[in-house]
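Next up: a single chain in structure tokens, the form predicted on its own.
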Amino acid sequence: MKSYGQYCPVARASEILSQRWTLLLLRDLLGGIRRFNDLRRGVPLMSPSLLSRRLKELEKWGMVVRVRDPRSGAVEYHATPMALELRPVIDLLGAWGQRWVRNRLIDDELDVNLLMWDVSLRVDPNRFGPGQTVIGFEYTDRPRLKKDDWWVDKWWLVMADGESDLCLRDPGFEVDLHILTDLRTMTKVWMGDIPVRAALRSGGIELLGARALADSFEDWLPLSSHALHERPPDSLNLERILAAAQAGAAG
């Protein structure tokens, strides 16, 4: 990236952090994601070659170190103290975006892959007790998604031994709870735009299966880490501010 040509620390930091995808990679690395393929799930529109290049750049700057897992031999990417110090910056950026920028969902922002990956990362498998629990998700409004040589139209979240695993193919286990919904409703629930109970009452989310899991759905369903950030009051709504400014300019 071309230098800003300034000694200012904000300028120097921006030379690293303002590159496309870099902040999203740091978001996931700080969230504990370490494997290359898992990082790809968090940035599905990023090409593998560009992801590899960005990771090498972060490694060059001292923000990431490559570590080989002695048990599996797989390469992992670990955030260094230099990157970990950015955690409050990432958190504040997300809170600001939730409050001021993300006022409405457009179709291009609805990504079932990213949503399900986020859910799998935040769900607490220890909430389901001993044994195995399988939750099936079906998004009734979405066209079937082609993945390599098979079609993905359902998702399975398998939880056992304190770990959760997201499956794009039928794992062959009995499903304890089926969740039928549409992607917009589930995304709005995930982001805190509508309460879980409201989605259930309206039929936007339908639960079929084990009564105990259905009754406790609101308790164990994770929400985005930004869902609790309060939006500005209507008097400060960004869309209204922009509309008023445009109307004044036109007049």
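From 1 onward, residues are counted along the sequence shown. Computed from a prediction, not measured in an experiment: that's the story for all the values here.
Keep in mind that the form predicted together with the DNA is not shown, yet the notes after this line are about it.
Contact annotation: of the candidates A210, A198, L223, L50, the single residue with a non-hydrogen atom within 4.5 angstroms of the DNA in the model of the complex is L50.
Of the residues V75, L84, A160, L93, just one reaches the DNA in the model of the complex with a heavy atom at 4.5 Å or closer; this is V75.
Looking at 24-32, 215-223, 41-49, 199-207, the stretch with residues near the DNA in the model of the complex, meaning non-hydrogen atoms within 4.5 angstroms, turns out to be 41-49.
Of the heavy atoms in K60, none are within 4.5 Å of the DNA in the model of the complex. Taking the partner from elsewhere, R12 is found to have every heavy atom lying beyond 4.5 Å of the DNA in the model of the complex.
Contact check for R54: a non-hydrogen atom falls within 4.5 Å of the DNA in the model of the complex. The shortest heavy atom separation between R231 and the DNA in the model of the complex exceeds 4.5 Å. Taking the DNA as it sits in the model of the complex, the stretch 25-39 comes within 4.5 angstroms of it through a non-hydrogen atom at R35, F36, N37.
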